[in-house]
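Only one chain is given next, in structure tokens, and it is the form predicted on its own.
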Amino acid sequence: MALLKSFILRNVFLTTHRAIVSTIRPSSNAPLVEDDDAPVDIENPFKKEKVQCILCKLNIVPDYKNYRLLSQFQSPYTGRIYGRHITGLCKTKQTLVEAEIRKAQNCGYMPYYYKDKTFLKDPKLFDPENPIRSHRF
């Protein structure tokens, strides 16, 4: 008797299961209907733009012969090379600029202490009085 009950329950379950599944799943020859309420793939609107230094953004490689560009990264009064926290350059470009400034000074293209007066009216790449970070580290 128990075997007969389990057989009948199993048979009823299978037939109702097939009916339910066939209504849920679309048949292979029926056209697929897109759901209007489906999620849409969009870019993250809150994602911040990647900050790049001015030389990387414009794809400029500093050269010791371009002393007009290099003079922007040197103090006009003391000849001191501005740090990364002031110039806003990335680490690789800052080390490259420092090396090229020293090379230009050794070759005689740039003075060691004072900026050439003709370059004092050049447009500023950054504001040395207002550093990006208030500290140097």
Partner chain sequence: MPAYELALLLRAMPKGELKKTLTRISHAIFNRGGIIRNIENLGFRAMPYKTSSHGLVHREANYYVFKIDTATQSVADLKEEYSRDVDIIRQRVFKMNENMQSSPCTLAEELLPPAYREEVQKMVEVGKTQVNRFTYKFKYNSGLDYYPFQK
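Worth saying up front: this structure is predicted, and the values here are computed from it rather than measured. Residue numbers count along the first chain shown, from 1.
This protein has a second form, the form predicted in complex with the partner chain, left out of what is shown; the following refers to that one.
- This chain appears without its partner; in the predicted complex, the one residue of Leu96, Ile81, Ile86, Leu69 with a heavy atom within 4.5 Å of the partner chain is Leu96.
- The three residues Phe46, Leu58 and Lys124 each lack any heavy atom within 4.5 Å of the partner chain in the predicted complex.
- Using a 4.5 Å cutoff between non-hydrogen atoms, Ser75 does not count as a contact of the partner chain in the predicted complex.
- The partner chain in the predicted complex is not approached by Ile101, whose heavy atoms all lie more than 4.5 angstroms from it.
- Contact residues in stretch 96 to 112 (any heavy atom within 4.5 Å of the partner chain, taken in the predicted complex) are Leu96, Lys103, Gln105, Asn106, Cys107, Gly108, Tyr109, Met110, Pro111, Tyr112.
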